[in-house]
Each structure stands twice: as C-alpha cells, then as structure tokens.
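Only one chain is included here, represented as structure tokens and corresponding to the form predicted alone.
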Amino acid sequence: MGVFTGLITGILFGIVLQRGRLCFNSAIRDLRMFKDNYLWKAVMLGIAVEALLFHFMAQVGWIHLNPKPFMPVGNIIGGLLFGFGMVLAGGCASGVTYRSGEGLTTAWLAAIFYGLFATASKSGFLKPVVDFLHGPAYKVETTGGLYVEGKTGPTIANTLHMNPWIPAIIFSALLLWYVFGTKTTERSGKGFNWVATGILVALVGGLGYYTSAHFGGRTYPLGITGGWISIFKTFTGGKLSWEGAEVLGIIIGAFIAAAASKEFKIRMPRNPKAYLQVLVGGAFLGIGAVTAGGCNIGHFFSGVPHLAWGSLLATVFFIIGNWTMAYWMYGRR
C-alpha cells in the first residue's frame, strides 16, 4: 500500500510540476536575474497554503508535525552546495526529476548523478565526509499535541513555547499579502497559471503528508532525495520506499502530462559540454541535499511551512548558493 500511495502521489505531483513549469531553480534565479516573480509567487503561495493546511491536518489528528532537525553547519554548507548544483544542473531536485519525464537528456544525467551522489553521501564512500560536514544536530522534546511525541526538529513555535497556530497564521498572512498585494510578472503559455500551480502543489503536499504517514512508514510530506536513494538501493536488494515510489511517480506523471500536451520530446543540448556541466551539478545536488538534511522539496517546500529553523536556514543558503552561481556563470556577462 505504501508503494502504491507513493506512486499515485508522485504522479499527481509530476503532472502539476509539468503543467505549471515549476522549477525552484528557475523561480529563485529569475527573481534575481530578470526581476521575474512569476514562479516565485507560485512557490510562495504553495508554502502559505501548506503552512495552514499542515497545521489543520495536525489539529484534526490526520498527521503529527515532524519538522527536520536543526543542523546549522550542515544547513549552511549543504545549502550552498545545493544552490550551486541547481544552477549547474539546470534544475532543482524536483526540476531535474520531472524534466526527465519530458525527455530532456541533460535532466536524465543530472538526476542519475544526483541519485548516485546522494546515495554515496548517505551510506557510501562519501558518508564520513558528509557526516563531518553535518556538524551537530539539534532536536527538542515534545509532549505531543500537534507535533510527534518525543524528539523532533525545533520550530519557531516549539522553541518559543507558543501555540503553533500563531506563527503559522502570521507567516501565511504575510506571504499571502505579498503574493496577492504586489505586481506579478506576466507570462503567457500553456499549462497552469501561477495561482493554480501554487494551490495544487500545496494540496499534493498535504496528500503526501497524509499518505506517507499512514502508509509509507514516514511522518513527513513530500521529498525527493530519499526517493532517489531508495531507487538506487533497489539495485542492491533494497525495497522501494514510499518516497522512492513518489519519485518514480513524478517522472511518470510528467511524462503523461507532457505527452498529453504534445510537449514530450527527446532533447539534447547543442553543445555536448553541457553534459559535463549537469553531471557536476547533479553531484552537487546529491551531496548538498544530504549534507543539508534535505533538498528544495524536503526543506524549502515541506520544511518551511513547519517554520522549522533548519529548513528556514537551509532555504536561505539554497538561495544564496543559487544567486552566487548564477551570477558567476551568467551575471558577469
């Protein structure tokens, strides 16, 4: 049941990502380099909806909030590496995954090396180095309520000993004011607009939280890195996890959406050197995600709605790394 629900969740996620053309690398880069906030607003809307949705789901007992640990050293170093990798790979963790389903060959290579180096960082030859880069990890003791009982990652609410609804509502209200109260870059084209994309990815995030908690053996929303690790471990006899099935579902869903809209095409770069660049980018993504304790989906999209300190810090350095590499590669010209 876990693999099935992970697959269905991933298919839905892949369809939304493909029809919304949602890549966090593009959202972050475009905001800085082109003053284009179209995709950025989709992400911000999704996070605002998720913050309220996750707390509501916990309030009615469907899930228990389980934010990631606070690893300041790992969050910073891993965040920077992951930010560099997004630009080099031409996409974030979810971006290279869904674009693999569209037939983009550079995304295939980036995704493969992302998975290989994430696996090597988690349990292979890079593990000692990555464990050192992790630095200390901090958790807090909780007594239940909206959070899982026992130790979990620190959030604004549980470190300040306040009702989690208070910062969640304030945070969502500020994001919604920004999203709907400021001018949005205009874009034309097929697929979902930014409002539909933001709402739909948030709903899929809620579905992922519920199905992974009840059928997947993990209490957390969507993720990508652990899924690619699970897929690669199946080649050595491991069992496919909920998250692994979700990643496969993203590729399938993106393929279905691309084929239905006649956008699927095997595409190769004009300059073969691009393969070397995305290979390096994929490696940075894998090492960075494991070092940071999560990727753009695990931290930025799933962890920030918890208002988890580790996810907030990692996200800041995803952005800094992305902008730094984008400037180095393109901005100086």
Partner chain sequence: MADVKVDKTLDVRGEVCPVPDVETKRALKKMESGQVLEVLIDYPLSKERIPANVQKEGHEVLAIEEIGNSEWRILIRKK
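Numbering follows the first chain given and starts at 1. Note that the structure is a prediction, hence the values are computed from the model and not measured.
This next part talks about the form predicted in complex with its partner chain, which is not shown.
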| item | value |
| --- | --- |
| Answer range among 217 to 225, 75 to 83, 97 to 105, 113 to 121 for contact with its partner chain, defined in the model of the complex as heavy atoms within 4.5 Å | 97 to 105 |
| P164, G90, G205, P154 - the one with a heavy atom within 4.5 Å of its partner chain in the model of the complex | G90 |
| R29 within 4.5 Å of its partner chain in the model of the complex, heavy atoms | yes |
| Interface membership of F264, its partner chain in the model of the complex, 4.5 Å heavy atom rule | yes |
| 4.5 Å heavy atom contact, G189 to its partner chain in the model of the complex | yes |
| Its partner chain contact at V3 in the model of the complex, heavy atom, 4.5 Å | no |
| Site check I47, V195 and I256: each within 4.5 Å of its partner chain in the model of the complex by heavy atom | no |
